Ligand code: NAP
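The chain that follows stands alone, in the form predicted alone, written as structure tokens.
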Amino acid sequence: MSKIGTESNPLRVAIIGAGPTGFYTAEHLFRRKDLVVEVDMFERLPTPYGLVRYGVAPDHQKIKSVTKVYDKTAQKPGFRFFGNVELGKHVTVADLRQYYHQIVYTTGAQTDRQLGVPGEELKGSYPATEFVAWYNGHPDYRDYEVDLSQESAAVVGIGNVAMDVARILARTPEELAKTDIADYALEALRQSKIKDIYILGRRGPAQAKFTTPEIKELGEMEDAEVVALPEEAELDEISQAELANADRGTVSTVEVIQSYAGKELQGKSRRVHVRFLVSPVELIGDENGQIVKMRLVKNELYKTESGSSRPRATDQFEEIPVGLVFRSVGYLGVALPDVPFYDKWGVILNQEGRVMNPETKEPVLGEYTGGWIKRGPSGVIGTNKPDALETVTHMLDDLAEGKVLEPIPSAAEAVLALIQERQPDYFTYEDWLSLNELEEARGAENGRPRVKFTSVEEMKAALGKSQVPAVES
């Protein structure tokens, strides 16, 4: 057998998950001029891009332009896309080990952390992850129901996802109609009765996780204004010390927050209340089990032994009227069949991207991971590029030492035959490009970036893969 990574014996890599990290992993591999690489990318949904398509807010189109880079990677010789193919359903880890030298899991973080407070199970309590997937047209959440008849909502969390949720709730239908928000979500939000939205952070302005553009954008909406309490926008001694050594972005964020404090209201229809140093301790419902208010505790900051600042509860409480609560306190990964998982952190058990055997504490031969399922939900989309490079570096180190799997002869043809047999409705990248053109054409008719297909059957019908007639999303 010739050397692995040559024309006669390409390095064969399976990537599970077609989000940013999956594409960055493929990009790093293809950049190696001394290697011939074949990459097969598997994705549970028919469409690629993962979080960029189904997580980035519809009013943030510039961020979505990163997909042009992914498309270039997909055009490389040796790249194949198997969409609508699910690990554990259509293929197994055991299958993949027969067809590839290396397997990389890049499935992201698909669920959320709980608040852990009484009343969290009441009607009107939702994970932000599911709401985001709903308004972005994720096929799993097309039929999701959100009660927008309430007049007030709270978003628990102070990161960019929390800001996205608040902004989508606060924007006018006319603003949303210029985006690629799912049609059914746009129609539901047209009927929304929400007037007050509370964004609740357990720490202070200097520790906020959202970025300066996010907080500025809140103040630039057509018919919503920002409310911040002067006493919460003011920095305590701990925060002042932190800010003195902070980067310019953090300083700018605090400045924007403080510019809202005590600002005279303009009489717009909706108000976004940005609160700091408060934590929910209970969700309170009525006789029908519907949330009607939230009990908050006031926090204060203290210094830990390591020198970092942490919040702790005081003896001061308040209640705010809310009928909707979205928790946005962190994403969690979901375990994959036959892949070692660390439940406490919601990540695949790994060491710098090498999947680890929990019993032997040794790397699992030929298996790797990258992105949020590797390190947890931190950073922005671009953060996944160096993360993927770390994983690929270890993959190539292992290749150099001969620590790889041994795929069967004619593996490329064999895996294609297997997919055609087990999932004849799989999507190629060419199928996706055709679907993309159709979505953009539907959008152009309405002055929008695109109008998404929001169910798998609809996608199949649009490409003639199904007898089900295509319907409007």
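Only a predicted model underlies this, so the values are computations on that prediction, with no experimental measurement involved. Just count from 1 along the sequence shown to find any residue number.
The same protein also exists as the form predicted in complex with the named molecule; that form is not shown, yet it is the one meant from here on.
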Interface segment, criterion being heavy atoms within 4.5 Å of the named molecule in the model of the complex, picked from 260 to 268, 356 to 364, 288 to 296, 151 to 159: 151 to 159
Contact test in the model of the complex: Arg171 vs the named molecule, heavy atoms, 4.5 Å: no
4.5 angstroms heavy atom contact with the named molecule in the model of the complex for Leu438: no
4.5 Å heavy atom contact, Ile63 to the named molecule in the model of the complex: yes
Contact test in the model of the complex: Gly330 vs the named molecule, heavy atoms, 4.5 Å: yes
Interface residue in the model of the complex among Glu242, Glu225, Asp95, Glu214, criterion: non-hydrogen atom within 4.5 angstroms of the named molecule: Glu214
Interface residue in the model of the complex among Leu389, Val146, Leu115, Leu176, criterion: non-hydrogen atom within 4.5 angstroms of the named molecule: Leu115
Contacts with the named molecule in the model of the complex - residues in 365 to 386 whose heavy atoms fall within 4.5 Å: Trp372, Pro377, Ser378, Gly379, Val380
